[in-house]
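We've got the same protein chain twice here, in two forms, each standing alone as structure tokens: structure 1 and structure 2.
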Structure 1
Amino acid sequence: MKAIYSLILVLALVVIATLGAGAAKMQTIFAYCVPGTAFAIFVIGFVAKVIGWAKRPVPFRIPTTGGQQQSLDWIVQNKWDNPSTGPQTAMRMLLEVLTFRSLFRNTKVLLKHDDGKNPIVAYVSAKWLWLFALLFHYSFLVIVVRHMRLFLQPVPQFIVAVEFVDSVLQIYTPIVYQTNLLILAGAGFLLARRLLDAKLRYISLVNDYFPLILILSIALSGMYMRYIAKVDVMAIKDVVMGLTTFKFKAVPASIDVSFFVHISLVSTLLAYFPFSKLMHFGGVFLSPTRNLPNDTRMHHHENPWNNPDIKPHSYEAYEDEFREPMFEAGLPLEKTPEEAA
């Protein structure tokens, strides 16, 4: 039902944009007001979130680790999974952001049975999740870069090169971009995984389904514009350039209503972004479990927010205070009552 609620919400957005820009003739509102407001919400919300996270105190080193910590000289350290210096941590962050290294190492827990029907906990590879997540994110990035040609005049050669590589297979007319198909495959896999995996479906919420269905709808509406409606791209660029330069013009009548549906869905994603789980895009760089070296054996970290009136209580003092009850309870002691005496 949570997935159905998300689907109904996305369909409602499509209907509102279709009726508003079509029957109600409110093209100007959907071409300028809606995306402009959504972009402002996105920028303000994104910056506020990042500043809020940056202000959070992190008094201790709390990195998650996946390998041998730096120790004795003859013990080999895993420098990328358990970094102890700044450059090692930077390499770990680079691998995490660009290749999803922690997701690549992820495993799935299964409950199997042996010949005697005894339950056995097994760990199996989950590389499919890593692969489709990688396809989804990089396809999304390339699509955003490609769309920058609508906002810039003249179009930079870098964007032209990205567009050429993305369409190098020269399939169909107009040419099919590979990333259009890959983002459908990636987002479709992530959505199907939530729907088909009973354990994952049980813990999934509406805000897990909604962004996936919304992104799929954006991709499908964009492909509809390009391959079926075959919208007037130059007229759309005039509208987009007017929006970015604050030189608002009358919306050309040649623009198909599918454009307003598409831009309304994109605007919804922009406005929703800072308040959703999609903010891991900015949060990954501020996560203390990732961006801190594990150097607790080399440096003593003291909480700067400690109350100066509360004095530290060492184990030695603790044992001195409770030596007799600990001895009577049979707990191990560094000094017995006789030795302490």
Structure 2
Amino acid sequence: MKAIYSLILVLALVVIATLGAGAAKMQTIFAYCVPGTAFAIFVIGFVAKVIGWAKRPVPFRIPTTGGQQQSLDWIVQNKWDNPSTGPQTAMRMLLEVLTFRSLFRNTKVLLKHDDGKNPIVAYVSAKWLWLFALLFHYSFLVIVVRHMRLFLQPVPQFIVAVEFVDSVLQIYTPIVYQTNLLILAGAGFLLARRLLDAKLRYISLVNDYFPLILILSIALSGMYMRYIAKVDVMAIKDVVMGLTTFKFKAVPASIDVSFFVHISLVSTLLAYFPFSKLMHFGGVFLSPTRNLPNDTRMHHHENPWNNPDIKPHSYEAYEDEFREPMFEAGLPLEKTPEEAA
């Protein structure tokens, strides 16, 4: 049901854009106002969200990370899994962000049976999530970089190089980019995983399905524009450059509605981003299990939310305060009232 709600939401967006830019002829609104506003919401919302997180006190280190922590000299420390210094922690963060090591550790629970047919709970490695998440994220990155051809003039050589590598198989005309197919495979797997695995389906919410279906439809609408509708790329560059130079022009009539559908979906993604789980883009850098070195035995941690007015209260002082009632209740005491007197 939740997946269907998300699908309906996305389809509603498609219909709004089709009717708005097509039938109602509001091209200017859909070409300039909607994406401009969405981008502003994205940037400001993102910064505000991160500043909001930064105001929260940093918790005590969580040293439950995989690998041997720093110990005696002759015990080999696993520096990237259980770092104790800043640079080691930076390395762990870098590897997490670039290679998704947490997902690589993903396991699956299985019920197996030994020879005597006794049940054994087994944990086996499950790398599919890691693989497809990696494909998905890197494809997304390459696709965003490639799109910069429409945002920059002259087009930097770097972007031409990315396009060249991405289309190196030289299949079909207009040429097929590998990332087009990989992002569909990646996002498709992430969606199928939620739909087909009963345990995952149970914990999936609309805000899990919606971004996935949205991103899939963005990819599909983009491919539709390129391979089926064959939109006027030069006219679109004109509009997009108008957006990035703030020199808006009348929207050329030759632009197909599929373009407006595409950018409406992208605008939705941008505006939704700061308020959604997609903020893990910024959030991963602030995850306490990733960004705090395991140095609890080297540094004193001052709990930031301690009230300075509350002074330390030792057990001795506590017993001094409650000795009489404790004695009456028959509780064991370090000093009996007689001894204390």
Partner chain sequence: MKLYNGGKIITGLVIFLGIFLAPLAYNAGKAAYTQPKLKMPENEKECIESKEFMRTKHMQLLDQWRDWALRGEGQRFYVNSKGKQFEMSLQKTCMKCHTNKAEFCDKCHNDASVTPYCWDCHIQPEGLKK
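If you superpose the two forms and keep the largest set of C-alpha atoms that fall within 1.5 Å, you have the rigid core. Small disclaimer: the values here were computed from a predicted structure and weren't measured. Residue 1 is the first residue of structure 1, and the numbers go on in sequence order from there.
- Query: Out of structure 1 and structure 2, where do we see the form predicted together with the partner chain?
  - Reply: Of the two forms shown, it is structure 2 that corresponds to the form predicted together with the partner chain, while structure 1 does not.
- Message: Once the core is superposed between the two structures, does Asn306 show a C-alpha displacement of at least 2 Å?
- Response: Shift at Asn306: 2 Å or more after core fit.
- Task: Please check if Met326 moves between the two structures, taking a CA shift of 2 Å or more relative to the superposed core as movement.
- Result: Yes; that C-alpha moves by at least 2 Å between the two structures.
- Message: Rigid core superposed, CA of Ala23 - does it shift 2 Å or more between the two structures?
- Response: False for Ala23: its C-alpha shift is below 2 Å.
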